[in-house]
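Presented as structure tokens, the chain that follows is alone, the form predicted on its own.
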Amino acid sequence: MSHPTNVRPRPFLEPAYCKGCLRCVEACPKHCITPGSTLNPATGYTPVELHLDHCNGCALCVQACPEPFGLRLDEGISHLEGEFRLEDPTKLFGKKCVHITEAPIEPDAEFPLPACEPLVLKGAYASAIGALFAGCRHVFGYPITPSTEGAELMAKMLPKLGGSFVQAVSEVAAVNMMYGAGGAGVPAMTFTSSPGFSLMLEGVSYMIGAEVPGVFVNIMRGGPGLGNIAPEQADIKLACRGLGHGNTHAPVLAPSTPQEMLDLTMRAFELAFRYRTPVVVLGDGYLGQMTGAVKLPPAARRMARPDWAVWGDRPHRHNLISSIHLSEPDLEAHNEHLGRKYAAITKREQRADLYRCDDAEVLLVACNTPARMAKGAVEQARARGIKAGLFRPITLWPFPIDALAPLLTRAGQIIVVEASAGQLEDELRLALSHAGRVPPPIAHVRRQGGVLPQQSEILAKIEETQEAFA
């Protein structure tokens, strides 16, 4: 209801924000507020009760309330009525009342780059440069070997480009800084390695739930625990199946060369903003440190500020970044929405590189640095008359089963080559199971602790399987 102009508005209470501190009870000169008697099941607190028959609208109670939205003056719109659910911040203030009608503040743009000769770069440097060309100007991180070089280069470059590198006090702090930057709609990233990535997983889950973009470059090292700083592929299960609590998935890209470190980092930012999700670039310790020839892209990018961003200006008013859905049906609906997004990513974003697979009777499956050894083994096997091929998944999630399935009609043997205890093979088997495909026999070459599979080991396994089927 509206009030006459000569009558001061009276307070109303948002019970979900009341902690029962009773400061308003002490402040009210008319004794219009009393301690509550009913527990609010959404908060676990007992809100105060208002009896406004003698209220003179002095607003002393509002001034005394420590919660910014607890006691408020009734301006003619009651948030206690109708469809609003007090316990859910996404519904508390109703529909967005300001709509964007003008063009984006910073429209998408590409800036041509001058042609230059290839550079010889470390993988971590290549990833950092790819992020710069993708428009990233905000990097948050904590040093950890063997990924630190990427953060160091960003710390040197970003101030010259109007950006910011913040060395956080921990990986937990870094991921929450990424949440804030991503929520503002700006491209943000971090460089980390296995133990640091483990610490970030709670924040990753929050980002997935709140649909906040961000890029995580994880240069895997040996584990568990502190392990060592040598290369291992022991984070595949973490990235593909363990991104924090809840029903969480995010695209996982697996480069195998410094060139792909640059290209896939740029690709990661595209995916992050297309689907409003974190994206993981999963390298290994050798790949972060090895050097290689890298061609720069033809253009650099600048991303538009999204209409969903929490930026603080008029076009973005009433936007909210939140992963809280206290109502069970609302949280179920949100998870169903995320499930549809996962399905869309699975359908559209599978990527794989096929090397001599058209007539392959022995199919090697490998990614990251071990794929380089596997490729050499394919060449050696071919020289000995064995029709071998290499299937290299570039997306580990979603696993590129659509590209693999047609190869299974000819292949009589699959050999998974990896620097872990079967984590890549588990992803392969799970994808085959979900696709309803019965694979040929699966063998493997595995090394752990930072030891990589050797080309000679892989060739020996190929010849061993051939003898078994001879």
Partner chain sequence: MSSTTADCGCPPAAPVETYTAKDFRSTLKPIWCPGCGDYGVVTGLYRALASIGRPPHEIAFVSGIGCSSRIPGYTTAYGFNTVHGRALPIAQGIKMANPDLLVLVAGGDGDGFSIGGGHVPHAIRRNLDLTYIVMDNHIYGLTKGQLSPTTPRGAKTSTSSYGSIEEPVNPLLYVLAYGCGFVAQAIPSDMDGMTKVIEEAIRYPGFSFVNIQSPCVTFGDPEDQAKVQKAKMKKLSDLGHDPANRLRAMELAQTYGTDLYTGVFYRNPNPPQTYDHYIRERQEALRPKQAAA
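Computed from a predicted model, the values in this text were never measured in an experiment. Numbering follows the first chain given and starts at 1.
What follows is about the form predicted in complex with its partner chain, which we do not show.
| said: For the interface check, one of 242-250, 157-165, 127-135, 357-365 should have non-hydrogen atoms within 4.5 Å of its partner chain in the model of the complex; which one? | reply: Among the candidates, contact is made by 157-165.
| Residue contact check: Glu110 to its partner chain in the model of the complex, 4.5 Å heavy atom | Taking the distances in the model of the complex, the answer for Glu110 is no, it never comes within 4.5 Å of its partner chain.
| request: Considering only heavy atoms, tell me if Leu226 and its partner chain come within 4.5 Å of each other in the model of the complex. | output: It does: once its partner chain is placed as it appears in the model of the complex, Leu226 has a heavy atom within 4.5 Å of it.
| request: Determine whether any heavy atom of Gln259 comes within 4.5 Å of a heavy atom of its partner chain in the model of the complex, and answer yes or no. | output: So Gln259 does not count as contacting its partner chain.
| Taking the shortest heavy atom distance, is Glu152 within 4.5 Å of its partner chain in the model of the complex? | Because a heavy atom of Glu152 falls inside 4.5 Å of its partner chain in the model of the complex, the answer is yes.
| request: Counting non-hydrogen atoms within 4.5 angstroms of its partner chain in the model of the complex, say which of Ala344, Cys116, Ala333, Val169 makes the cut. | output: Selected residue: Val169.
| One residue of Ile144, Leu201, Leu271, Ala309 in contact with its partner chain, assessed in the model of the complex (non-hydrogen atom, 4.5 angstroms) | Of the listed residues, the single hit is Ile144.
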